[in-house]
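Next comes just one chain, in structure tokens: the form predicted alone.
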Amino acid sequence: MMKPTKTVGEELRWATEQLRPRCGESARLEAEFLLTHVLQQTRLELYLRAQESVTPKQHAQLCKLVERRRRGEPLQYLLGHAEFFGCSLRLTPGVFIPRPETEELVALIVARSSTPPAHVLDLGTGSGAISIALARAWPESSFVAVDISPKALALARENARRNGVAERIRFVRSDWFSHISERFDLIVSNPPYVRRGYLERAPRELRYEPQGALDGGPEGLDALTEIIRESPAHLRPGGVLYLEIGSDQGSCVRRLLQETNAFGEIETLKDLTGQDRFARAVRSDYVAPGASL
């Protein structure tokens, strides 16, 4: 005897209860996303068609996705995409998932830039999120986006095409500045800044992401130190450096920026939760002797 099929509404309630131990208050929302992915419907359609039946094949697909999510696999990898600052990005395992804090960084940069910078460098581009979002906001600007991962660069190129900005972003495989020789009006980076010790006991979701995009060394400052030291040589006078940082790294990052003797304006800025999350520094017209140039 064939098992009776479930309705859309029943599947949604079942998935929600299955996900609750892992996802807590977001279980219902995540269940909606997984079910819309399986049914190729919008979230509104889930409710408009709540009494319609789900096929056995669709039920089996949902069961597999729910189980993978219960094991800790990030929702964005299961769905294969994410929304970022109005951009639709394809995501695959092995490429860092952009966070809401990085959307805040993009919003901050746009708000603080009185005129769009002509030439922008995005260090550690990953899925291309920052450079693509800024390219959409600044249609006259040109961009260079670098990453050491060929897989990330291939995905970033695809995402740039999907969002209509591929002709204005040049993607370069580079270990930070190693293959970059030009100067820019703005440099932005969301580098690895998580302490290595934390990663060893981090939530299971983080273990699915590329560790090189998270591991900032023993104190979380390895990549930040290198970027800060080398940035002045790649910024035009008056050019601006923006960094995403750890919530407890503000004083260390300010000190690193001051030690270059190349920046005239240095500040740390808070995220929506009130924690230090971003650093901003403006390259001086006059650079003191011994500066990192």
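Start at 1 and count along the sequence shown; that's the residue number. Everything numeric here is computed off the predicted structure, so don't read it as measured data.
The discussion below concerns the form predicted together with ligand GLN, not included here.
Residue contact with ligand GLN in the predicted bound form: Ala213 places a heavy atom within 4.5 Å of it. Taking non-hydrogen atoms only, Asn159 never approaches ligand GLN to within 4.5 angstroms in the predicted bound form. Put simply, Pro191 is close to ligand GLN in the predicted bound form: some heavy atom of it is within 4.5 Å. A residue is said to contact a partner when one of its heavy atoms sits within 4.5 Å of a partner heavy atom; Arg99 meets this definition for ligand GLN in the predicted bound form. Among Leu206, Val172, Ala137, Leu108, the residue placing a heavy atom within 4.5 Å of ligand GLN in the predicted bound form is Leu206. Figure note: of the listed segments 99-107, 128-136, 112-120, 86-94, the one touching ligand GLN in the predicted bound form, with heavy atoms no more than 4.5 Å away, is 99-107. Contacts between stretch 227-246 and ligand GLN, counted in the predicted bound form as any heavy atom lying within 4.5 Å, involve Glu244 alone.
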